[in-house]
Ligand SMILES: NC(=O)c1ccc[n+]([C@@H]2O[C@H](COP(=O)([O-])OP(=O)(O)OC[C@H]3O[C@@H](n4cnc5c(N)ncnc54)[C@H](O)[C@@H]3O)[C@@H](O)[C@H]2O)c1
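Presented below, as structure tokens, is a lone chain in the form predicted on its own.
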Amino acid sequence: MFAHCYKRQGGWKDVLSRFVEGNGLLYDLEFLNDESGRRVAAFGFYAGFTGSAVGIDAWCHQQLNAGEKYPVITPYPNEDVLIAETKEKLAKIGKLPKIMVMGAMGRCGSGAVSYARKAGIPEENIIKWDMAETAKGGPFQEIMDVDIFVNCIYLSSQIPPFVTQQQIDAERQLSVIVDVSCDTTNPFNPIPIYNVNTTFDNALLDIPSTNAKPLQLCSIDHLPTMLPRESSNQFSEDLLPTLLQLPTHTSAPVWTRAKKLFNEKVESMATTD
């Protein structure tokens, strides 16, 4: 399972305690890593891909239907239908947004960039940032100067915030944030202007601001289900070789590393507030 408890998310001790009390073992799918530390299977690409789609669509909705509630999201039969819908809306508007992807070199970020390209956003309107660009530490004014910000980083430790309330209260171009990373209850959340996840039924959160320009944020933690066919196919193909090693989990490296990590996280409960 994806337990979402190894990075001290809200309720993480409660989740781990159930495995301990039940004399069980958690093999967390998010932490099945190869010898180089890279995940053997991840939904990252399509999380970024669909996150970018929601971001662009939310921006389109602001232009075409200002003041109206954003509609309920429903899964698409395939990515071609989703892309065609985005292109149609962008054509109605007659202008193209500028989008920044944070973590652009990773699985998730490459998915976000891919969707923007397929939707017809020109390369000069796609700002791609990764570790080199963020090395100076946030907050970053550059985020305020784009229309859509898509956060795709993998957070593993405390970093300076990317954005602050003071920034969004000031003059800005930014009107949509998609936090694909969804470190919503993580104490190190680099987008500390919200603390709840959104859903397909209520995809966008209105961020309070003294600035008259609206700012809406998407923090859906299951974005790949917008494209269930492509997401499932890719994840299955990636996971299958490791899954076939499960009968030998006591000796297969991926599974032994996962068990070791579980034990470390359980031990950390006693020393973490």
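Numbers follow the displayed sequence, beginning with 1. Because the structure is a prediction, the values reported are computed rather than measured.
The same protein has a further form, the form predicted together with this ligand, not shown here; the description that follows concerns it.
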property: Of Ala170, Ile159, Ile93, Ile83, the one that lies within 4.5 Å of this ligand in the predicted complex (heavy atoms); result: Ile159
property: Among the candidates Ile153, Ala203, Val113, Ile193, the residue which, in the predicted complex, approaches this ligand to within 4.5 Å (heavy atoms); result: Ile153
property: Ala58, Lys98 and Ile148 all contacting this ligand in the predicted complex, non-hydrogen atom within 4.5 Å; result: no
property: Per-stretch contact check against this ligand in the predicted complex, the hit in 237 to 245, 43 to 51, 63 to 71, 207 to 215 (non-hydrogen atom, 4.5 angstroms); result: 43 to 51
property: 4.5 angstroms heavy atom contact with this ligand in the predicted complex for Thr185; result: no
property: Residue contact check: Met144 to this ligand in the predicted complex, 4.5 Å heavy atom; result: no
property: Contact of Met102 with this ligand in the predicted complex (heavy atom, 4.5 Å); result: yes
property: Contact label in the predicted complex: Lys7 to this ligand, heavy atom within 4.5 Å; result: yes
property: Contacts with this ligand in the predicted complex, stretch 209 to 241 (heavy atom within 4.5 Å); result: Ile220, Asp221, His222, Leu223, Pro224
